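First, one chain by itself in structure tokens, the form predicted on its own.
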Amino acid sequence: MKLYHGITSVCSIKVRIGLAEIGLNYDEQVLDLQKGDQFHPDYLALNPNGDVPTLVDGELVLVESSLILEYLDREYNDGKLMPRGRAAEATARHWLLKTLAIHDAINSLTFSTANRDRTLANKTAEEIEASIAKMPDPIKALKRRDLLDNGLDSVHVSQALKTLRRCFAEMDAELQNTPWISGADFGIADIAVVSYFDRLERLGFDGLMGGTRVHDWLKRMQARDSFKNEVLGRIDAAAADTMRRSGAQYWPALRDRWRTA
């Protein structure tokens, strides 16, 4: 089994946490997403979308992080991370689907703030355009260009805040009676969403969770050994500090936007 991933990629993190929770050993190929390793022809042959992660298990190639999580749990963990009962299982799978919209929202907040600063500071206009041109999905390319051009004024940021407000309300309601998104026991839904809200905290945007039970849930997730090993143990501390300092300067404006989202 081999995992192609990025150290700070939110989708890669959730798969690494899943592998750690199940206790699976695997080979890895770390891609430098800033250098564009994900657009190398050899990698695109595995994952034509140029996304991470990609899991290769024998002759089977799997993309999409939530699909990978469910595959690993079913094939190598007797489905122990999936809650039992039709209603609970349906709810968990619904969260796996919701991560598509959550990912899009976190991507918008990241690339309109900290990643925008880093890109504009380190690349020429020509280099930025060349990087965007390599993106296989033209819709994602248009979004990336808009976020870099307009920052927090991008329409994608407005949509991100609406998505997160709805998500936090749904999570808060579920956490009212259970400690985990997956129900009474920790499970796959918790793994599926944790990296996104950890990214919010790393950007200094955890105030968006204020007044909900999501913040306490995140702390429970961050206390798990899988998180400590696969996130805290692998993300460079200096880079994390740079992201937080970069994101912090945007927080006052984002907080004002959040109040009216």
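Position 1 is the first residue in the sequence shown; the rest follow in order. Please read these numbers as outputs of a predicted model, since none were measured by experiment.
Beyond the structure shown, there is the form predicted in complex with a small molecule, which is absent from this document and is the topic of what follows.
- Note on the partner interface in the model of the complex: the residue among Ile139, Leu100, Ala184, Ala121 having a heavy atom within 4.5 angstroms of the small molecule is Leu100.
- Exactly one listed residue, out of Val231, Val214, Val193, Val52, brings a non-hydrogen atom to within 4.5 Å of the small molecule in the model of the complex: Val52.
- Heavy atoms of every residue among Val10, Gln38 and Arg144 are located within 4.5 Å of the small molecule in the model of the complex.
- The partner is not drawn, yet in the model of the complex one stretch among 175-183, 82-90, 150-158, 100-108 has residues with heavy atoms inside 4.5 Å of the small molecule: 100-108.
- Though the partner is left out of this view, Leu33 does reach within 4.5 Å of the small molecule in the model of the complex, counting heavy atoms only.
- Looking at Glu64, you'd find a heavy atom of it within 4.5 angstroms of the small molecule in the model of the complex.
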